[in-house]
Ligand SMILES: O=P(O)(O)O[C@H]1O[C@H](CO)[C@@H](O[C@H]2O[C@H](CO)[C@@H](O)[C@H](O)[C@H]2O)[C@H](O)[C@H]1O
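Listed next as structure tokens is one chain, alone, in the form predicted alone.
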């Protein structure tokens, strides 16, 4: 018997024995302990893994296959991670060599190579086939929109550059986002686009298929979502940087993006419950912001001189007693990198999972829509400060154009709620300072510039947006005040 045939037999025998995993990982454990901390999507970088155990395991290929695709949910120090591991005779083909996790020296996997399964086009294609044919496999349930037409086996390729998740692009038709860190409950990146599609909002690609895990005593865990791939679209962040480099105007795009964001917010408010914030809820909101500020000041020394001034924004929010403020479902992590300008010139919003570091229950809680607005306004500032020399007029004009576009759709300019907007911009800048201090110290100057500005006493608004009368021409944003260098 050949070595490859013997390895196939061991793989088949292991499947027949129920994968031989139980709560432990057997021969996989040491290699996963070394591999996991190096992954971009792993939240525990820089620390030694303590607890590592299997929550569930399912083989996605039938017995007798030459390779295996092992789906794992792992408990890693209290967090649940999703892995898709390829298992096949060693050595791996050269194209798969970069995906190698390790080779088992003993146990049922002895002599077999274990690798990142998403890097194998044949295994990645299997995921799409499972989504094309809804059903269950062990703890996994695959589902789809019955009206969607999913083509057979388009060539998959990984999407580069992601950090908290992994995505596969199938041909030029669909993109499958695979959530790495998962928890009980419907992920907002499935829940909200489905609600928007049902409401007739075309600003967000509608899910066509998805898969979940059903575990005893737990709500289903959303594991992956398949959506249309907007071929030829421009990433909003990259488009803004290009305009900065070339000295071109971006206010028309910012205005249109404001309108698109307002349309999404309006659709979400109509499709899902909204609540009015009273004094008690507003006080809790401000207290949470104050607590995040205090925690960040302990971690980021550069922020400490501005802590008292920043706290003033949150004190003002608490004193406002929530008058006229409503909370609804929102994007939750909106910035230019979460937007796409499509080939027809319209804007689409993507990635509705919210900030992945926040608990899922928090991400599904209604919040004021101004949180999303503050995220985009801060993103314009980030783009401008990435340009040399700094282009403050570009950022100011884009911020104004976005708010005017938002007001053009909703009838209310976000700048007319200065206390609420300032509190959320401040909270966002504090979050950015903590993130940059931990992950990109060379970028810390960007949120620190905003922190210095936001810590100063608030000035009265300099103007009020004048909305056109019904039937009048669409607003045209003004051009930048001065050319960009």
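What you see is a predicted model; the values in this text were computed from it and never measured. Numbering follows the first chain given and starts at 1.
Separately, the form predicted together with the named molecule exists; it is not shown, and the next lines address it.
The named molecule in the predicted complex comes within 4.5 Å of no heavy atom belonging to residue 320. Within this chain, residue 432 lines the site of the named molecule in the predicted complex, having a heavy atom no more than 4.5 Å away. Residue 71 falls outside the set of residues with a heavy atom inside 4.5 Å of the named molecule in the predicted complex. Residue contact with the named molecule in the predicted complex: residue 86 places no heavy atom within 4.5 Å of it. In summary, among the residues 193, 356, 102, 156, the only one with a non-hydrogen atom within 4.5 Å of the named molecule in the predicted complex is 356. Only one of 170, 142, 347, 382 lies close to the named molecule in the predicted complex, with a heavy atom inside 4.5 Å, and it is 382. Contact with the named molecule in the predicted complex, judged as any non-hydrogen atom within 4.5 angstroms, is confined among 56-64, 438-446, 27-35, 415-423 to 438-446. Within 4.5 Å of the named molecule in the predicted complex, a heavy atom is found for every one of 164, 338 and 351. For the partner-free chain shown, just 237 of 229-268 comes within 4.5 angstroms of the named molecule in the predicted complex, judged by any non-hydrogen atom.
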